[in-house]
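Only one chain is shown below, in structure tokens, and it's the form predicted on its own.
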Amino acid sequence: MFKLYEYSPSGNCYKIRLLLTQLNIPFSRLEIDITKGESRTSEFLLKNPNGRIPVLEVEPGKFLSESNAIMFYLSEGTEFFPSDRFERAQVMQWLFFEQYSHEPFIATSRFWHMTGKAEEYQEALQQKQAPGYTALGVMEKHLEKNDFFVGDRYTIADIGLFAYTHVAGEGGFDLSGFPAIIKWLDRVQNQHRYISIKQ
């Protein structure tokens, strides 16, 4: 059975829980509290020398890190990852976008708010607003003409972008000006075997 080492409030960890659940793959969860330095212990660093979560133990002693790499590993050969070569590349394109143009602004803002550091990082939070809204704007423009991000069907590209977008409000981002995103969030939440981030 897969073992997921995670910090459950993390959107990056939620991606893996959601995909595993939707694939109907059993897994166990081991909580790693990053706010207490538990991902920096010598024991955990043997699993991921980068000291970050999530980490998926795919078999005893064999570990995979980076949320989007884990999703790629789990989804290959399933309905969540296209067979068409160009569409596969498009999925990767959106996952790279998520990590470099979306996650650093929306996810980080949410984490600071969640951990009570919003006042301490007030200036940095302000600096993250514009690029965060720019990323949301890119998504909105795409979703005005498409139900999902690739091939007009639900894939790991949607899971990757959904994880932090649906909780963007917890990071100080107002989604009311993004009607296409709001409709897409609803479509994702209506997918088979959907679970919330708090499950």
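Numbering starts at 1 and runs along the sequence shown. From a predicted model like this one, the values you see are computed outputs, not experimental measurements.
The same protein has a further form, the form predicted together with another copy of the chain, not shown here; the description that follows concerns it.
Partner contact region in the predicted bound form: 60-68, out of 31-39, 168-176, 60-68, 146-154, criterion any non-hydrogen atom within 4.5 Å of another copy of the chain.
Contact check for P49: a non-hydrogen atom falls within 4.5 Å of another copy of the chain in the predicted bound form. Residue contact check for E76: one or more of its heavy atoms lie within 4.5 Å of another copy of the chain in the predicted bound form. Proximity of T115 to another copy of the chain in the predicted bound form: non-hydrogen atoms within 4.5 Å are absent; the residue sits far from the partner. Contact annotation for Y121: none of its heavy atoms lies within 4.5 Å of another copy of the chain in the predicted bound form. For the marked spot (F72, M92 and E103), a heavy atom within 4.5 Å of another copy of the chain in the predicted bound form is present in each of the three residues.
Applying a 4.5 Å heavy atom cutoff to another copy of the chain in the predicted bound form picks out no residue from 17-35.
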